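There is one chain below, alone, in structure tokens, taken in the form predicted alone.
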């Protein structure tokens, strides 16, 4: 009894849900358009089918009337070729089977005879068209140079693409920063942005002062993957496989990665309390990098 009631309720619930889905479907503003378009399509097919059938009936009636007229006049009835037959004759210039003797050649290969049929007119039109096009192509592309050749079109497209890239780079200078073009920035605004990024995503592993926790100490001169601005930018962008250092290239813009890499270098020599022991190899910066690093330290102290 209980199972029957549950079954009834489930069926009723399904019916209500189904009715609700149907109601929502009928309220779709496009459903009327689809129904109307489908109805018109079916009606069109029926009209075409009826029209073709009526044409066949009329053609049959006209043929019978012509045969009766010829019989009354005592002449032989010759059926008029259909429009399709006329079109086929016009495009192919084919010789009827009953007239093949007029184009029969003297060649005989074990009883196989050869017909001297003409080339189809459509094939000759195509040939003449290609000749005309070849003349036009030669004049336009090679004589007057009015139209560019493929290699010229390619060069034009490449030049246009390079121009668009230059415009985009001019509008957004930070977008062109990569491992080969990254620069050590000393601007206070850029370093402030780098510090904000560092505190948000780097401090959890390197500590806010850069002294190192899960990650290495960033304030000494020992580095696992190089201590230049290019090396640090690359680590921030691509991460380090099989470590906690994930790649931030998909989350940070090139400009922000340059700023945070520059801020990391500004921490050099700050010697925070309880800093982690050095890891990696001693990195000695080049003379120009040393000058930029000293400038960073001065900027950070201010």
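Residue numbers count along the first chain shown, from 1. The structure presented is a predicted model; accordingly, all values stated were derived computationally and were not measured.
FYI, the form predicted in complex with heme C (HEC) isn't displayed, but the following is about it.
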> residue 185: heavy atom within 4.5 Å of heme C (HEC) in the predicted bound form?
Replying inline: no
> Taking heavy atoms and a 4.5 Å cut-off, does residue 245 contact heme C (HEC) in the predicted bound form?
Replying inline: yes
> Taking the shortest heavy atom distance, is residue 204 within 4.5 Å of heme C (HEC) in the predicted bound form?
Replying inline: yes
> Within a 4.5 Å heavy atom cut-off, is residue 66 in contact with heme C (HEC) in the predicted bound form?
Replying inline: no
>> Please identify the residue among 159, 131, 214, 97 with any heavy atom within 4.5 Å of heme C (HEC) in the predicted bound form.
In response: 214
>> Can you tell me which of 141-149, 116-124, 87-95, 196-204 lies within 4.5 Å of heme C (HEC) in the predicted bound form, counting heavy atoms only?
In response: 196-204
> Across 224-258, which residues bring a heavy atom to within 4.5 Å of heme C (HEC) in the predicted bound form?
Replying inline: 224, 225, 226, 232, 235, 236, 240, 243, 244, 245, 248, 252
